[in-house]
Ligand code: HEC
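First, one chain by itself: the form predicted alone, in structure tokens.
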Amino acid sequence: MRGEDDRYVSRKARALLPAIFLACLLPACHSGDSASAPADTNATGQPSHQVAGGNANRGKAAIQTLGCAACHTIPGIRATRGMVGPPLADFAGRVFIAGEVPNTTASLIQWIRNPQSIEPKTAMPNLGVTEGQARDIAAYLYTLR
């Protein structure tokens, strides 16, 4: 009997996973104080994400090749209907990544390459993204304003 109960709970938990995942990844409200601003901001306090070695065009191609649109809706990427991960519109202006770390270039590259290193229970898969691909993807995401 216990085995059946465990399977029932697991099925219920799996059914709730997309909602839980979205709730965890929604950007936190920005109160406007400088303590919550990303580390790489310009003189006006706006994010100024510079991705050394990153190329937004290659990043867009990598996003399509890796299938990121299976989970995310991403402006500029064809056939994006993802409903598991959050929409990535206006990504450059977000304060946090996964509700866990400031939206900095280094954090984003780490998230793209190994999401579990930031949020161990995330539903985002580790896709084996290379350092170069992560830089390119970050460069593309930071064009989304």
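Nothing here was measured: the structure is a model prediction, and the numbers come from that model. Quick note: we count residues from 1 along the sequence shown, nothing fancier.
Below: the form predicted in complex with this ligand, not depicted.
All of C68, H72 and A123 within 4.5 Å of this ligand in the predicted bound form, heavy atom check: Yes, all three are in contact.
4.5 Å heavy atom contact, A139 to this ligand in the predicted bound form: Flag for A139 set to no.
Partner proximity in the predicted bound form: P86 to this ligand, non-hydrogen atom cutoff 4.5 Å: Within the cut-off, so yes.
Residue contact check: L108 to this ligand in the predicted bound form, 4.5 Å heavy atom: Judged by the heavy-atom cut-off of 4.5 Å, L108 is in contact with this ligand in the predicted bound form.
Contact flag, A98 vs this ligand in the predicted bound form, heavy atom cut 4.5 Å: Close contact exists here: in the predicted bound form, A98 approaches this ligand to within 4.5 Å, heavy atoms only.
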